[in-house]
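Next up: a single chain in structure tokens, the form predicted alone.
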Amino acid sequence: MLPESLRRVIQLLSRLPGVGEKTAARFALQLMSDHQLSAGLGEELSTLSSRLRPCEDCGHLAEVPAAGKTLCSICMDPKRDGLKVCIVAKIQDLLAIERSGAMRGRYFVLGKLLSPLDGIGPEELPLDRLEKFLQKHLTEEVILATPPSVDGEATALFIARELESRGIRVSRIASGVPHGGDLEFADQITLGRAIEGRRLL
């Protein structure tokens, strides 16, 4: 019922995370009806990969400068506390923590997690870059904020072992019952962590 070219756009949009076919069709039809939006979006997307690169220090996204190192806005911010570094698996995790306002230190993006089934071993992790980053900022504490999954836990334990001989305090983000959630719907691991990570009031 739709032209082939529009169906191709819908198919591409539906490959985005969290976007189903109905939402993709709504997006595509909106873009068709708003030529200014579709032209602007198309122009931005066509040059995006050439304008952005991973930050050379932390792995976050950064604009490519005309000259010098490619650094993100967080790494260029002199007000950031370099003594604390939060290690995350991906950029989305960094953005989520940053939105909370609870972290005023620096970040380091791994880009991947240990996953033997996917062929990702310790040698695939950017440990050399991490070492340089921690030395540069004279880091005193590393906060491991990898996801509470099998791969996330394995990665956190591995990095903690790698850092224990360097005199850096290593902590792990707490996991527990989400705000407004019911205990009866929480899984056993989450509840166990919530009890273990309890604190005095």
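Heads up: residue numbers just count along the shown sequence, starting at 1. Source: prediction; values computed, not measured.
Separately, the form predicted together with another copy of the chain exists; it is not shown, and the next lines address it.
Checking 164, 56, 140, 43 against another copy of the chain in the model of the complex, a heavy atom within 4.5 Å turns up for just one residue: 43.
A heavy atom within 4.5 Å of another copy of the chain in the model of the complex is found for exactly one of 130, 103, 91, 125: 91.
In the model of the complex, at least one heavy atom of residue 29 sits within 4.5 Å of a heavy atom of another copy of the chain. Mapping the unseen interface onto this chain, residue 2 counts among the residues with a heavy atom inside 4.5 Å of another copy of the chain in the model of the complex. Although the partner is absent from this view, residue 79 stays clear of another copy of the chain in the model of the complex, with no non-hydrogen atom inside 4.5 angstroms.
Taking the partner from elsewhere, residue 9 is found to have a heavy atom lying within 4.5 Å of another copy of the chain in the model of the complex. Stretch-level contact check against another copy of the chain in the model of the complex with heavy atoms at 4.5 Å: of 145-153, 62-70, 164-172, 132-140, the positive one is 62-70.
Shown here without its partner, the chain carries 85, 110 and 157, none of which come within 4.5 Å of another copy of the chain in the model of the complex through any heavy atom. Residues 91, 92, 95, 98, 99 are the members of 90-115 with a non-hydrogen atom no more than 4.5 angstroms from another copy of the chain in the model of the complex.
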